[in-house]
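Shown here is one chain on its own, the form predicted alone, set out as structure tokens.
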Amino acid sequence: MANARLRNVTKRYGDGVALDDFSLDIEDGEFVVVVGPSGCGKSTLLRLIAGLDPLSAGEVHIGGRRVDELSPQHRDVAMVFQSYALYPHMTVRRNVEFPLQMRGMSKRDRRVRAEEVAELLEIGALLDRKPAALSGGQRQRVALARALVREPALFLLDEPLSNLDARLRTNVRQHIRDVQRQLGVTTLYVTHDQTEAMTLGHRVVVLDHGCTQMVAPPLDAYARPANAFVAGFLGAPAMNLLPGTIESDALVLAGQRVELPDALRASIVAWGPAVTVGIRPEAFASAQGGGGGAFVVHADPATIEALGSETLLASDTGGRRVLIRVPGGVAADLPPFSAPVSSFHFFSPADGRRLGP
């Protein structure tokens, strides 16, 4: 296993910039998840590290040596793609053994190593089948086994679960997490799925338009997003982002006057007069009456989405759509819902940066 150091990595295609001045340190054995919308540069990053595309600028170091000038086969990385890329004419055993065969390992040794990894990924009973006889989840585990059997210094995964249905994604996701922890292999995992980002990684890297927006442990990124983009991207449903105005000692939000506590008033007044206010859907709770130091909304009964353990609702408040998530079910006669000022996040409307702690 090894650490990885990416320094000012940039990739240009003509006048377009796919990845802009990206730097990151990945510690030995760490699991880092790169998340962001389609086209933000996630897959480009993996291809640059693996050597499948040349850098426009920057350096890549793996295990203390610079590798961006080396060919892919000399970088000691293994990559799993969104497509399984298995050899259809080979059995699972031969697919898994193939990287070891290319290294010149003896038939006996590669057989032992392939069976060890197959048992770890619970595909030992499938070794004599061909890919066409496997389910999607089984094929993905074969692809993982073929990469892991090489014992790479760095393990790269490019949206490996996107072709699986929801239930299989959950199962294989847990398997990847368990295997990574057991082997301690340094891993960089790319996804657009927030659940994968929140549950798999030691840290998440949020990308947008090729630029790093935030690097932090998943719960820290969720609780204290660095800017409005991260706030709106992490979370399902997404954080409500509403334009607000500071007037005297109060915050005017979607036509409502929300009183500010003394401890917060001085800071917010200094940020004003305009701010962007973020409120997580789960910050709302049932409330009778309202006003004062809370933002009150009235949900539309037509928007109820009862999911069993929770209910999703929406409200049109002051011309703004506000999403609400409450645990369990709700009564047919919906009460008002309120979110306290203590749950608010504040961002600059000019550049989206977080305001305050």
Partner chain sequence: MKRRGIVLLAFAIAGVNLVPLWLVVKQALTPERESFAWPPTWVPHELTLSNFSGAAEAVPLAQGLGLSVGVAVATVISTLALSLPAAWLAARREEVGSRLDGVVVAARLFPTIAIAVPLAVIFVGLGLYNDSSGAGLWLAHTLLGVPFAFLILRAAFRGVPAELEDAAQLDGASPWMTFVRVSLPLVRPSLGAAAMLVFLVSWDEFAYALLLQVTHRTLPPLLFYLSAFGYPGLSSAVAVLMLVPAVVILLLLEPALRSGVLAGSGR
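Small disclaimer: the values here were computed from a predicted structure and weren't measured. Residue numbers count along the first chain shown, from 1.
The next section is about a form of this same protein that is not shown, the form predicted together with its partner chain.
Undergrad: Find out whether any non-hydrogen atom of Trp271 is located within 4.5 angstroms of its partner chain in the predicted complex, and reply yes or no.
TA: Answer no; every heavy atom of Trp271 is more than 4.5 Å from its partner chain in the predicted complex.
Undergrad: Using 4.5 Å between non-hydrogen atoms, is Leu52 touching its partner chain in the predicted complex?
TA: Yes - in the predicted complex, heavy atoms of Leu52 and its partner chain come within 4.5 Å of each other.
Undergrad: So, Arg47 and its partner chain: in the predicted complex, are they within 4.5 Å at any heavy atom pair?
TA: Taking the distances in the predicted complex, the answer for Arg47 is yes, it comes within 4.5 Å of its partner chain.
Undergrad: Using the partner position in the predicted complex, report whether Gln73 sits within 4.5 Å of its partner chain, counting heavy atoms only.
TA: Yes - in the predicted complex, heavy atoms of Gln73 and its partner chain come within 4.5 Å of each other.
Undergrad: Have a look at 118 to 126, 204 to 212, 275 to 283, 75 to 83 and name the one stretch with heavy atoms inside 4.5 Å of its partner chain in the predicted complex.
TA: This holds for exactly one stretch, 75 to 83.
Undergrad: Could you spot which one of Lys107, Arg224, Arg103, Arg181 gets a heavy atom to within 4.5 Å of its partner chain in the predicted complex?
TA: Filtering the options by heavy-atom distance leaves Arg103.
Undergrad: Pick out the residues of 89 to 107 whose heavy atoms come within 4.5 Å of its partner chain in the predicted complex.
TA: Going through 89 to 107 in order - heavy atoms within 4.5 Å of its partner chain in the predicted complex - the hits are His89, Met90, Arg94, Phe98, Pro99, Gln101, Met102, Arg103.
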